[in-house]
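So this first bit is one chain, no partners, the form predicted alone, shown in structure tokens.
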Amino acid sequence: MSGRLLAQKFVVISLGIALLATSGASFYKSRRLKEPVVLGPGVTTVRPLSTWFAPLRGTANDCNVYFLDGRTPGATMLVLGGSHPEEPAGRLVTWILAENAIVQKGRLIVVLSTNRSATTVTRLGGAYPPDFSIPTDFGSRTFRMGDRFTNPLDQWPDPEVYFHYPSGQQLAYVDIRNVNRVWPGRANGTLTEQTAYALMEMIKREKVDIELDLHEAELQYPVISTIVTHQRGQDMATLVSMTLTDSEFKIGTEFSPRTLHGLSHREIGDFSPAVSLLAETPEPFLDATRGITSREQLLTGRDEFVVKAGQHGLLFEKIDEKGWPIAVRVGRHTSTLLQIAETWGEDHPDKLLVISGVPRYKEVIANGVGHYLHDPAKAAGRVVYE
């Protein structure tokens, strides 16, 4: 073998090792990126999810659960962010709640990282950015991007066929790592199933009245710009939809299919007394016809390819050159949440849920999401990490 050939092989091997080391360092950093949460004046307690299911202790999904207790008793509402961390508007809403909300009557329970493991990995082959930053009044705050599924490092392998428990319904094999396909969970199941089981235990033991799961959807997906509701919440969800459409933005209502299992809006309502709801807002970043999956595209919601798909009638939601900016998506969720609380109170005057300090749709758009995120450096003793 000639010296020249040996040199070429050495160069190729060296480049491969350098690439492996660089990517490995990036993956390591992404998985361990700390996301600070500045505890607002309304947060009274932070507990690990394993409080309600001890086997989850020490796992990647032993996430924080934030309690905001009101000054007087009332209804208890649970808000779930991060069921699908690649849908960041929902997580950002829960940050706003934890850092700003004050409950006058009732109680608010907030989960920022429902599937925390899924925040530590991005979509395989999707070329997602590992994180993104939100500009604030003091600088910026950086968040992990995340995926739809539990990190394979934490749960592997996937089965060839996934049978949902307890219905026995056959679902896509990869959905064994999708927390919104494994409800109500299973105590002796996978990490993802145990996560849903722990959340169900919390819902029952904490006597949750209303549960809201925050999501985003690609514009090519028909269940978009809507509130999906269990049958026990149909009247309330419909009234919320009508009120918001009349006063702030157009949002529809979808009824949870009784024979499609594993979803929060179906199983939480079936296996607990809580009224279970799920809100969807548009996220062009997820569309199959999208362009580059950059941080800019994620936050601005602008994509010429998705616009072109809309011109050919391939979308279930409108889009133009303005896109769907993160502030619009976050604002839709905050107003939906607040309207749900108000509408609940109209039907349950003896069990109110009164929340203040949370911006509505127009305020978020006017001020930006970052305006409602606070500086961890100035919050001595009031910072925890996701």
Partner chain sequence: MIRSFGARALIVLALLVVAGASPLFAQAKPAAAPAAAAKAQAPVFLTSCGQSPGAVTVGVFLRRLQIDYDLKETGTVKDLAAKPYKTIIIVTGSSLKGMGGAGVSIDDELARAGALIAEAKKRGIEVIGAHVEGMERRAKNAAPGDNSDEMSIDAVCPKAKMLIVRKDGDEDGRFTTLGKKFGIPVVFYAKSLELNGVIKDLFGK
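Numbering follows the first chain given and starts at 1. Worth saying up front: this structure is predicted, and the values here are computed from it rather than measured.
Just so you know, the form predicted together with its partner chain exists too; it's not on screen, but the next bit is about it.
Proximity to its partner chain in the model of the complex, taken as a non-hydrogen atom within 4.5 angstroms, holds for one residue of 209, 270, 218, 254, which is 254. When its partner chain is considered in the model of the complex, only one residue from 71, 205, 250, 232 comes within 4.5 Å through any heavy atom, namely 250. Residues with any non-hydrogen atom within 4.5 angstroms of its partner chain in the model of the complex fall in just one of 51-59, 352-360, 36-44, 339-347: 339-347.
For residue 238, a non-hydrogen atom is located within 4.5 Å of its partner chain in the model of the complex, even though that partner is not displayed. Shown alone here, residue 243 lies within 4.5 Å of its partner chain in the model of the complex, counting heavy atoms only. When its partner chain is considered in the model of the complex, residue 187 lies well away from it, no heavy atom lying within 4.5 Å.
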